[in-house]
Each structure stands twice: as C-alpha cells, then as structure tokens.
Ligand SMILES: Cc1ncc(COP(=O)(O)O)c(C=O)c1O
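Only one chain comes next, encoded as structure tokens, the form predicted alone.
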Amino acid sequence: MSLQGAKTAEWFDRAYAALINGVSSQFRYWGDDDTIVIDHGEAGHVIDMDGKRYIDYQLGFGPIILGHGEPSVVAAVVDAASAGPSFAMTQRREIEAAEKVREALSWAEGMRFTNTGTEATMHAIRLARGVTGRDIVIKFEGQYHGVHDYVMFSTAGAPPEGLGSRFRPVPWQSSSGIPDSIRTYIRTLPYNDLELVQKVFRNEGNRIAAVIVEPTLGNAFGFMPVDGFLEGLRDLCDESGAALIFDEVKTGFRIATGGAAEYFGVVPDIGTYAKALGNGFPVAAIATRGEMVEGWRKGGIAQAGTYSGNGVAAAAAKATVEQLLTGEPLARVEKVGRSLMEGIDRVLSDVSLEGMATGHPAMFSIYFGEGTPKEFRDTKGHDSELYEDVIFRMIGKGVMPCPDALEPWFVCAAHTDEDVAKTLEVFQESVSEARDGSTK
C-alpha cells in the first residue's frame, strides 16, 4: 500500500520528471510509491500535498530545534532578505550571529561561518592538517562526517561484518568516485574502544593530524560515549600534538546549548556545527581555540565560501541561538524526548520484544535486538526488517520517524504532550501489527 495520496503521487511524478529519482538528496528517496512530497510544516508537524498531517521526528534530518516556521526566526530571515543577503564583505548580521554563537560556545576563541556540515568538517580537517603538518585522520566506524572524500569510509552504510578485525579494521569505502590513494590518509576504528585508539597513537602518533568524532554516534542509534572515552581522546591528542575535532553537526545546539563540550565536559580544538544552528536554514560554523585560531589568522590555510555568513543564514542563527540561550526550548526537548524513550521501553517490555531506546532524549533511536549495544559493530544484531515494517506502519498512521533505524528520532521544542501520547499509541499498535503480520 502506497504512502502517497492522489495529489502527493501527482507531485512525485512531477518531481521524478524534474529531479533524478525525484529528490535532491539520496536519503529522501523511499521508492516510487512511498516517497512523500511535503507542502509545508507547522510546529512539530509536516503536511503532505494531500493535506495529511504527520508528527515529524525527522525534522529535516535534525535542523529543526524550535519547530517548523518558528515566528521569531522567520521574522529575522524576512528582515535580512529584504536588506540584501550577500555582500563581498563582512556584514552586521554576521557579526551579531557570531557573537551569539560565541556566547553559547564559551570555550571557543575564534570561529567562522560556512554553509553546510560537509563544508565545516572539510575545512576543520584541512585546518588541522595545515597546523600540525601531518596527514592521517582517525575516524570511527558508523560515523558520518559529510560527503567529501576524506571521510567517506566506514560510515553507517557499511556492513558491520565487512569492517575486518576490530584489532586491524578495514576502511570500508562508502562511495565510488573516491581515489584509492585517499584510503592511506584515514584510520577507522570502533567507537568507544579507547584501547584501540591508544594502540594507533603508539604506532603512528607523530603522523596523526586529528581525531574527528561525533560525540554521540549520531548516525548509528545515537549511542552515547562510555565513561572516559572522550576524555581519553582528549588526553591522547594533547600528548601527541594532534587536534581533537568534535563533529557537532547533529549534537551542537541540540544536546545542550553549548553542545558536547558543555554536556560532557570535554573541550575540542575544533568544533563543527550546522543543523540546529539555524532551525532549518542552511548555516554552519567552525569554532576553534589555541593554535587552530592562529592557523587561519596567519593565512596560508585556505577557507572561503561565497555564501558563508550570508545575511539570511546569519539572521536565522542569531534568532535561533537567542532562544536556545534562554534554556526553555532545550528543557522542553529533554522532557518530550525522555517521555518518548521511557514510553518506548515500556511498550517493548509490554509486548516482550527485545530492544531499547538508545541515545540522548534530543536525538535517540530504537534498537531491536538483544544486549546493550555501544558501537557500530554491535548493530548487526538489530532486526532491521522488523524496524522498517514498524516505522512504515507508523508513517501510515501519521507519525513520521526515519525508516532507517541508524538515523535518530529528532525532537523539537514544538512537540507536545499530545504528540507523545499519540506516538506511543501508534508505536504499540504498529509493533503488534508487524509481529502479527497484519496487512498494512
């Protein structure tokens, strides 16, 4: 049974004729019968071309933190657009936004804006290499840092069984079109295994430019770091002279206003931010401290972008961060997310289904399997077929998480207690139907 109503199907046909597979990002394509076309969003909901309303837990893959169409952000963007969004020079709104970001990220000594998370991590890695004079970067299995060549290895799309021995992992290339030589500059390791990271540093510490890490496993069930893992990475980087890069494209301004440095108490040398920074508008930032600030200040390490710090993006960032600094939006996100996670665990217990909600209340996933997973290789025990069946049933009933369990459920400040109640009711119905094999 198709998720598309008559009008949505007509619009998808138009999309398919104009765009490859009807989408501008491959993750939006769910097949010809189930790819939905959205008309607009309202608070914590989206509405398709047939007028069907869904409780939205995709939230644009994470950017929406205050709610769709949040009035203060919209007003700021309209004002900025009318003043002209792009100039060949620094502009007032860019400065105002940077001041707000620096207020939230109290550890940062310098920053620059860019446009996307991919750009932010690309520039962060180049900056680390330029400052350290080294080439090798360590990343962790199941983590996604954008679509530039240097990080497209062992991402969440990799088969866990294809990663080799955990003691000598094989970087799994996530796309064609990447030169073979790029592989020599990357070391991939299991997340949450500090001993293996220590081993690589003992062998190659003087060649390692940076460790790049999502503080939580944002593209693999939202797994949280075990005690001492992030602290251990910080110590290793300090001892060897490598840079610690926190990729906070997902966690930044979401798990805490000050991101992972505030939440976990571990400070990176470089932090990358996007998504929730602009409540849905395309804006990203790179924050730095210490010698990383000097790397750009003194010149010679390229960083540029025609649209970086444009007025519309800057206005959205300033308005969003201003609200987050009050503490109220993230308190609401925490309450709603925790209620959902606890309710999901109760449902799984009630129906005697092995599994659990994993991650942080602001961005969590559901693991269908035994045990307590803590890294990407553990996900081979997840029942992905059952999960996808459950989620597509939920979408048909008006509740929309991502059908891929690796991608978190995102919560925004506009989600209500009524949304939570309906979501848990629909989740229980859908789990029971899927296990019974009922027709969708």
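The first residue of the shown sequence is 1; numbering continues from there. Being a predicted model, the structure only gives us computed values, none of them experimental.
The form predicted in complex with this ligand is left out here; the points below concern that form.
Partner absent here, but in the model of the complex, which of 292 to 300, 253 to 261, 172 to 180, 144 to 152 has residues with a heavy atom within 4.5 Å of this ligand? Heavy atoms within 4.5 Å of this ligand in the model of the complex occur in 144 to 152.
Which residue among 188, 219, 192, 310 has a heavy atom within 4.5 angstroms of this ligand in the model of the complex? Answer to the contact question: 219.
Looking at 124, 249, 315, 243, which is the one with a non-hydrogen atom within 4.5 Å of this ligand in the model of the complex? By the 4.5 Å heavy-atom cutoff, the listed residue in contact is 249.
How about residue 198: is it within 4.5 Å of this ligand in the model of the complex, going by heavy atoms? Residue 198: no contact with this ligand in the model of the complex.
Please check if residue 91 has a heavy atom lying within 4.5 Å of any heavy atom of this ligand in the model of the complex. The answer is no: residue 91 has no heavy atom within 4.5 Å of this ligand.
Heavy atoms within 4.5 Å of this ligand in the model of the complex: does residue 278 have any? Outside the cut-off, so no.
Hey, in the model of the complex, does residue 339 get a heavy atom within 4.5 angstroms of this ligand? No, no contact at 4.5 Å.
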